[in-house]
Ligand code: GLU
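In structure tokens, the next block holds one chain alone, the form predicted alone.
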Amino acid sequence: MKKLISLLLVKIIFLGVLFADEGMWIPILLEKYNIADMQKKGFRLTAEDIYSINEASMKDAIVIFGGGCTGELISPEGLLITNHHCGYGQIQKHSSIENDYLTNGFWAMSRDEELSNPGLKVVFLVSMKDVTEEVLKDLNSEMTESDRNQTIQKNIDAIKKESIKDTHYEARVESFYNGNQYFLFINEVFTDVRLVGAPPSAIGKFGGDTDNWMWPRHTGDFSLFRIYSDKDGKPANYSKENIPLKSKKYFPISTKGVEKGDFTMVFGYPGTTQQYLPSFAVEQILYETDPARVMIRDKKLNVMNEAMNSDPLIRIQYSAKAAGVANGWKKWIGEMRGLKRLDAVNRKKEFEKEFTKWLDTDVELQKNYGKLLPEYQEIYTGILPYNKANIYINEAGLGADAVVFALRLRSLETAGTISDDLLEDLKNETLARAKVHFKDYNEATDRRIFAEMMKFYFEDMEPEYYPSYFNQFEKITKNSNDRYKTFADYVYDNSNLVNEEKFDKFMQKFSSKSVKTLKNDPVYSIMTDMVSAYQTKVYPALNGYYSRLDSLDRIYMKAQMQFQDEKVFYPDANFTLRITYGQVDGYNPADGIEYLYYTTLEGIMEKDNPEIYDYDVPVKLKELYETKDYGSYADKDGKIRVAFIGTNHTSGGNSGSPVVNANGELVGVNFDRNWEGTMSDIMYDPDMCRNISIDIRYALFIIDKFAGAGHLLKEMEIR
């Protein structure tokens, strides 16, 4: 077994260099595989400057921000920059009609004014290590897949436990190359993270969902936070006694800017890519999965946007929710277009034809890999109806806020089995959770969303997945001209879960006898039915297929690497720290169209429209533009550059990642990809795929000239 592992690792290590700028590289392996190519393309530092085991390096200035973004330190006092959309949830939670930080922005003019964010955390990587042999030890070819997975998990648990023994660190072990290689990550987690500054949404979210994923882009997508520690520099929960973190490493900032052809590097946490899928998987994504999700979210967004445009309070309540829904919706639309343009399914099929010919050249190859593609085809054919049910249950069945809220109340069913003291604690916890929920909830909007989601579910899903509560649908809506509105009104009018006042009264009197009332609540009943349909009819089938796919993916990955033994294979993204590098460059999205590599403040003024929330340019920004009061932040032509694009291969999770130049200086903050390149998670196109970054000079300009928060710049090392 060890010999097999060693041979595989040798194969991974000695592959050649990939063309173009495709790839997400493991930082600990840069010295062996990438640094020479990076330096050839202009990088002036070393692999040790990026990732060092013994000395402070760039990796010590980078964090996982929240649950799915990247952030980076830009001062020795724990000051952190990330995207506005990454901090959006925190900005929104602090916002109210009286203090509308979403609309007006927020700037702490002293440390005392910085706002705490319960539940927000940042994660530093302490170290990483290849633990493949330790994870895969004790395996043998006679094992079932279940036994194999159990052995691997047992080994992983032991590795994690031993690696953080007698420390305050956390550990995670992640698989690479679909389970052919494993790395251990030791992390340090800080939980006192405070909001320092955020531009108004008219800057930080300029263009809104209309411009999301698009280029040219004029979004000042950044926000500032500060990490705090105890007096010894260790993680600690929020306390007034905590001090700003003494940064081991932070990024110096360059005001030189970037030009076409300049080297750039993005260092962060890309979420998920699927570069090595078979054609059957790509075909299902393109023609089944993405279209279904887009269709459902399109209707939900229509309701949300109409409600937000009608009421400033609803805009505050639903801005973060709508942004989350729209982000995937628009990405999937672009992904479908890109995959079709690349003829991705047929390209995969052509690869598989050549792969099959290769198998036919050797009896041993045929024995090891000959059944892979037929089995893939069988699985993706069988999984199709369950995949659809999974999408509809999660996107439509659980699509209304009230139903999701009900899902979070299931612990109340234990009321008859716990002590009075524990029940009282449970009631208080539930009421506290409800207060947070109802702050960002509008019953009328949610009713409309519920009606639209039920319409999708009832008309498009097979009856075997209907909630049993639908048995009352015919009776309730018999004489109605708008059956789904009538159904929604009945459900919401008779529920205790859609109104804060009614819910509080229900909870104040809650006892073991109330469990029956809860279970009979129409919203709760629908939630229960949806969960039951998933758990009994969908999950078991999906889990069986996914287990088979895990095994196939591992073997197919190994087979592809053996088949194309001259090609480099970077591991798919899995939200672990990665390097990607490329150059500043524009692109041609269609015949006769050429996009420049940067945008300027002039473009913001061209889009200005006070009647549209996302394009209503702040008066102060207009004044700065009219007077050309740009300070030292303009380029050589006297213009303020807002954003730029490059050929770096990024993905979800890279939001907020530092974009550095050849000297390792911060020149931008990554915040998006172009719409024509969103299929890069599945198939990369060097001609079209571009990452979009805010020019750091625009961020400095906003902080200094617009916000008057120049004291923050004094913390930074600005070159």
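Note that residue numbering begins at 1 and tracks the sequence as displayed. Given the structure is predicted, the values throughout are model-derived calculations rather than measurements.
Quick note: we don't show the form predicted in complex with this ligand, though the next part is all about it.
- Residue contact check for G652: one or more of its heavy atoms lie within 4.5 Å of this ligand in the predicted complex.
- In the predicted complex, this ligand sits within 4.5 Å of a heavy atom of W213.
- Mapping the unseen interface onto this chain, F43 falls outside it, with no heavy atom inside 4.5 Å of this ligand in the predicted complex.
- Though the partner is left out of this view, E676 does not reach within 4.5 Å of this ligand in the predicted complex, counting heavy atoms only.
- Here the chain stands alone, but in the predicted complex its contact with this ligand, taken as any heavy atom within 4.5 Å, falls in 665 to 673 among 665 to 673, 57 to 65, 43 to 51, 26 to 34.
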